[in-house]
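The data below hold one chain only, encoded as structure tokens and taken in the form predicted alone.
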């Protein structure tokens, strides 16, 4: 028994006191630098305190800007208050990456409403009737939180159905909170849906280096032994994350992986050396996470760029000679994107929206662009992929199969 390797691991000294507190999934009780966002969201939900319908809310922002954490924080407090005051309120959180259709989302809600019953095989209309009946009979103010709402394939139909369900409810209401990384999301809704939303909107900004240092300092106190991590390590993690995207999760993951490296090397302290060693691994993890959470249309554009980058034609100068084999014309990408949309039975966006998506992908750091200049055939946007093309192709091909 004493030869069991887990005894050695159990007794091994560690720089951590509670590793879960430095996990990207941990939600601290206090959320630094999001006071205004918490206040705004609370005010928009406050009508529920008087048994009135809360606002429909859409929250946008890059990955790691605290969108989901803020929403869950405020919703938890709202639920606790409603229980204390015996208010008829119910909330459900749904990650739309796992539930991508109107039927799947309504089915999920109904199954939670009636946990002792099985609704597999019932029609859409039956599921909707059970959903509406539960809200009406319990006179609920029901709030559904749809994280990664842009992943829903029938978003207009779902949004319109949820909002217009209030026309059939005398006492109670149905409201929604949509969370998306795509600030252009609402623009893709049809006019009928937009006209009935009456929503509140918020865009969450990225964190700067000083804010990230403060966030990391809070986590370090919870997760690491005293003096087990140097100031230079915290500064390095904050600087790397701020430079890349202002992503708090990236900063937290850097310290987590750096701490694990210190444990692996049996070191008693985490320094900036471990942070920089962890950087490559974290960037790969973050890249995969960011790609998989992109809205579908952005994924399709990125997929087109990655596929084209595997066999680039290069750009040509006026003599007809290739001058950079890794750069692609935007027109070629649009043609490839249109072809991919057809293959996956998705409707391609207009060239105007395609340009917006190119700008968005550059903002995320996936690509770099420049306008072709003197000496190059044609006058167009030139695109260069900033990450490994084959990794993107493999990742998205697997994701599209789901």
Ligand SMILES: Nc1ncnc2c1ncn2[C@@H]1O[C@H](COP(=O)(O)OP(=O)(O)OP(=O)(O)O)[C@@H](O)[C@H]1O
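Note that the rigid core is defined as the largest set of C-alphas that superpose within 1.5 Å between two forms. Numbering follows the first chain given and starts at 1. Everything numeric here is computed off the predicted structure, so don't read it as measured data.
Omitted here: the form predicted in complex with this ligand. The next part is about that form.
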### Task
Answer for residue 66 alone: is it within 4.5 Å of this ligand in the predicted complex, judged on heavy atom distances?
yes
#### Entry: Partner contact for residue 248 in the predicted complex: this ligand, 4.5 angstroms, heavy atom
yes
### Query
Taking heavy atoms and a 4.5 Å cut-off, does residue 207 contact this ligand in the predicted complex?
yes
#### Entry: Contact of residue 26 with this ligand in the predicted complex (heavy atom, 4.5 Å)
yes
### Query
267, 100, 138, 218: which sits within 4.5 Å of this ligand in the predicted complex by any heavy atom?
218
### Query
Among 307, 175, 181, 299, which has any heavy atom within 4.5 Å of this ligand in the predicted complex?
181
### Task
Could you tell me which of 359-367, 66-74, 50-58, 341-349 sits within 4.5 Å of this ligand in the predicted complex, going by non-hydrogen atoms?
66-74
#### Entry: Stretch 95-119: residues contacting this ligand in the predicted complex, 4.5 Å heavy atom cut-off
none
### Query
Aligning on the rigid core, do we see the C-alpha of residue 294 shift 2 angstroms or more between the shown form and the other one?
yes
### Message
Quick check: residue 364 between the shown form and the other one - does its CA shift reach 2 Å or more after fitting the rigid core?
### Response
yes
